[in-house]
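First, one chain by itself: the form predicted alone, in structure tokens.
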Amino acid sequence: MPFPPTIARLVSSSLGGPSVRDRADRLHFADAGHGYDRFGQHPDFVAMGDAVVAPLHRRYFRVQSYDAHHIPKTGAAILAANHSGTLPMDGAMLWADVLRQTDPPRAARTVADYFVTSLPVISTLFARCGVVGGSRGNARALLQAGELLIIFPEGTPGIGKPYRDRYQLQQWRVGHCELAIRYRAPVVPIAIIGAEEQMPQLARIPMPRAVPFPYLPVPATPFPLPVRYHIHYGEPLRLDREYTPDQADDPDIVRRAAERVRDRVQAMIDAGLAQRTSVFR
């Protein structure tokens, strides 16, 4: 562990206002008996993450939310969003936005690619804020516990696509729909507008297998630009009402369900782009 919860509490108290502490105090938290939940999350670290990300959410990227009432107030759900931006700032902005847009606050559990959980120090800090590795067992346990999952079906290829392919969804993995059908969870489609322009990628350098990340990006800017984020939440797709859990074993059903989610997200992206007047406004 990089440092104890008391330090995280001090950081959150120093950087954040009363609303940060209030959100952390009202979180649903299942202590596993040693101060953390079984995946390593701790409310003081959630508060610290909230406080650290707040200036980016409010002032730098000036995140604008639409139809956040579609986020379920209780119970399991999967938030399925497009992914982009060279650096995964969109994941942090979505996590922070869900925390702010839900009452009582919900700290969604971001499902990370395999290499994230192997990064030293960072992986522990992420886990303290609620990030989990993308294993089937983790997803099952969280959905059965009634948690919100953030899943980016494009995975790492989403944030690594060239600028010319912006807002064109990459290969759309189907696992989120298999989970939704099997564990009776609605899928909330989400379109994130703005991240594609934050840090255009010129090239990427493949990394050897011994390195814990797949490639090294070569961005056009040294840091993300102050684009404006627009996060659109769509009406939940109730796959849990259309299919029975045993149909999660049918690859054709799962594929068709994933295509529906993908088409919905793409349509929301297209509508959001038409609605946007400027990259920076």
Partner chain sequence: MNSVLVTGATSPLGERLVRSLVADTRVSHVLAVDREPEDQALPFSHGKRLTYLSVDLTRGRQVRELLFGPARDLECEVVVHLAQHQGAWAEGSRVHRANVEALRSILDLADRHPTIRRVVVRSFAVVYRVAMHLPVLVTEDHPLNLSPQAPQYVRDRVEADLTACARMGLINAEIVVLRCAEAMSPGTGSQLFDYLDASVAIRPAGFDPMVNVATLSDLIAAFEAATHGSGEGVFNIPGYDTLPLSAATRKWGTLCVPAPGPAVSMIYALRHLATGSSFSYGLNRHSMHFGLILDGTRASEILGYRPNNPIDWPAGGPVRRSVS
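Residue numbers count along the first chain shown, from 1. Treat the numbers as computed from the prediction; the structure is a model and nothing was measured.
Keep in mind that the form predicted in complex with the partner chain is not shown, yet the notes after this line are about it.
Participant: Taking any heavy atom pair closer than or equal to 4.5 Å as contact, tell me whether G35 reaches the partner chain in the model of the complex.
Facilitator: The answer is yes: G35 has a heavy atom within 4.5 Å of the partner chain.
Participant: Taking any heavy atom pair closer than or equal to 4.5 Å as contact, tell me whether F29 reaches the partner chain in the model of the complex.
Facilitator: Judged by the heavy-atom cut-off of 4.5 Å, F29 is in contact with the partner chain in the model of the complex.
Participant: Might K73 be said to contact the partner chain in the model of the complex, defining contact as any heavy atom within 4.5 Å?
Facilitator: Residue-level check for K73: no, no contact with the partner chain.
Participant: Going by a heavy atom distance of 4.5 Å, is P219 a contact of the partner chain in the model of the complex?
Facilitator: No, P219 is distant from the partner.
Participant: Given that the partner chain is left out here, which of Q101, T156, T117, Q170 has a heavy atom within 4.5 Å of it in the model of the complex?
Facilitator: Spelling it out, the residue with a heavy atom inside the cut-off is T117.
Participant: Based on heavy atom distances of 4.5 Å or less, which listed stretch (245-253, 220-228, 59-67, 37-45) is in contact with the partner chain in the model of the complex?
Facilitator: Only one stretch qualifies here: 37-45.
Participant: Residues P4, V121 and R128 are flagged as a possible site; in the model of the complex, is every one of them within 4.5 Å of the partner chain by some non-hydrogen atom?
Facilitator: Each of the three qualifies.
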